[in-house]
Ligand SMILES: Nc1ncnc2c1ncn2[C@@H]1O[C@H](COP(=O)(O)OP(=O)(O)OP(=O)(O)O)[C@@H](O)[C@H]1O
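One chain follows as structure tokens, the form predicted alone.
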């Protein structure tokens, strides 16, 4: 059984008397440990797709099944618990709390768990160390470079060791060198067993993926291996 199964997911909005389809994905299976890139231009429906995968945006129709769980059959409270257990998010807008240190930002997802304070600190330090930031846990976000802030955001996403990591244009605000180092981190997380779904408009990022899914005008096209796509090597 696939870790993630999408079955005829649709998302529509009403504009006046007209119904507009923002997203339509007929069927997609993601296996445990895969790195799937979701490629498409701005406004194509990529972020809608990711928010549905992250149990944050109820679709108009269809089913999302993760690890045998029918996600949108859950109550709101159950979906909150599901996100905490299964999903780590990395956004383009990093949403770091400016008055909290890097260590405190990474600890935030642990605040709603039963883990004791000492273990929370240990887990957050270990996540920062994985990002090469073990000596910068006491710094505020504004005292870090853009790449360092992004790595703090990734550490926060993985501190709970979620099986699924969802990233939305994680390198969009970074220069090519820094963005490349962030992609190397995702490669390492895949090797450690995380399943990654990455939304991007940058074809170069797709070189790191095991498969590429294209979204065009809200329609999800069948996935391809990245080496079979023209212009992506």
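Positions refer to the first chain, counted from 1. What we label the rigid core is the largest C-alpha set whose atoms superpose within 1.5 Å from one form to the other. Just so it is clear, the structure is predicted and the values come from calculations on it, not from any experiment.
What comes next is about the form predicted together with the named molecule, which does not appear here.
Comment: the named molecule is not present in this chain, but in the predicted complex one of 190, 201, 208, 63 has a heavy atom within 4.5 Å of it, namely 201. With the named molecule omitted here, the record of contacts in the predicted complex names 44-52 of 63-71, 26-34, 44-52, 190-198, defined by a heavy atom within 4.5 Å. Contact between residue 92 and the named molecule in the predicted complex is found at the 4.5 Å heavy atom cutoff. Applying a 4.5 Å heavy atom cutoff to the named molecule in the predicted complex picks out 13, 22 from 3-28, in order along the sequence. Comparing the forms between the shown form and the other one, the C-alpha position of residue 20 differs by 2 angstroms or more, with the core used for superposition.
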